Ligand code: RIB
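Shown here is one chain on its own, the form predicted alone, set out as structure tokens.
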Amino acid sequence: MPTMRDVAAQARVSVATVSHVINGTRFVDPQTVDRVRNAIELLGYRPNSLARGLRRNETSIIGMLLPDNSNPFFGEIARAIEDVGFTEGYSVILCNSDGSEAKEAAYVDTLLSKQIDGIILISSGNNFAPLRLILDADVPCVVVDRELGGLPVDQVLIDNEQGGYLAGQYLTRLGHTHIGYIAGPNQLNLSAQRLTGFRRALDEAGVALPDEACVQGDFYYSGGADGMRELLRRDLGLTAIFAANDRMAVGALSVLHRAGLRVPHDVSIIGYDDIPLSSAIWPSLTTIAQPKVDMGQISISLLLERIKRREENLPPRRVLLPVRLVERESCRQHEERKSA
């Protein structure tokens, strides 16, 4: 591959002059600039941006770790992060951990070896080890959507307990008293927070949520389908279901259809996230909307500020974002079925 020295020889200038033209670090006669640019184009020379960044102790590269890039929820967050990063002159490297702590740790090692400027971390679980590696390397980091204790790191979180509460309040307000719940993964604090809020709303309405009306899910379509099949097998006479994310709600809805149950006439169902699919299916899904774009934009804004002001030793910041109920077609007022 052509080098800067080759460009200098072709343009009949010094290597230093080529460097000044590329980096804009000194005034160069316009005719000389034209000769250098023509030489660059002729030779197909590509400046080594990584080497230049390392000399300035920066690379303009940010790492982003996601637990599941097939989940549209994370995709929307990642898109917002990438858009802001590109506008600010940063490239974003996306790493997908597949929910594996080992894979997550390996990616952290890889990113740190690339001398990146910062990391946005959505952890695969309540796993502190990768975050401690990042902090020990003194690399700026923002944790998103996962509450990882009191470690000194910026966090952008969602009020998941309030989200669960809104779901429970909505279903009880519609008159439902036999309600099932498809939970998120046990290893995530947010799963417990959503259930806590949901139980609180049901308790306030005097509605019980027995253990047999709760099944374990995994935030995938298949997990929602499996959970719904199990609830139907238990034959609890449920008239409403709260699934802890939209993908599980869609999986549950498909099982209800195949079982000959109409949504929402026989069973109402509410999800969580407000992914694009939730408004595209029939019936469209009532859900708890998370501010995904805000999550992405705020997280990268915090990270870029910490990168640019890293000498100031800023205190850790914690941003808690609200959720909102989005009413669509998958829920309706409960009416007691008349016996024949």
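Keep in mind it's a predicted model, so treat the numbers as computed, not measured. Sequential numbering from 1, following the sequence displayed.
What comes next is about the form predicted in complex with alpha-D-ribofuranose (RIB), which does not appear here.
Undergrad: With the partner removed from view, which of 108-116, 134-142, 88-96, 190-198 is the stretch that lies within 4.5 Å of alpha-D-ribofuranose (RIB) in the model of the complex, judged by heavy atom distances?
TA: Contact criterion met by 190-198 only.
Undergrad: Which one of T177, Q216, N71, Q169 is close to alpha-D-ribofuranose (RIB) in the model of the complex, taking close to mean a heavy atom within 4.5 Å?
TA: When alpha-D-ribofuranose (RIB) is considered in the model of the complex, the option within 4.5 Å is N71.
Undergrad: If we define contact as a non-hydrogen atom of the residue within 4.5 angstroms of the partner, is S268 a contact of alpha-D-ribofuranose (RIB) in the model of the complex?
TA: Looking in the model of the complex, residue contacts with alpha-D-ribofuranose (RIB) do not include S268, since no heavy atom lies within 4.5 Å.
Undergrad: So in the model of the complex, does any heavy atom of A244 sit within 4.5 Å of alpha-D-ribofuranose (RIB)?
TA: Heavy-atom contact with alpha-D-ribofuranose (RIB) at 4.5 Å: present for A244.
Undergrad: Is Q290 near alpha-D-ribofuranose (RIB)? Define near as a heavy atom within 4.5 Å, in the model of the complex.
TA: Yes.
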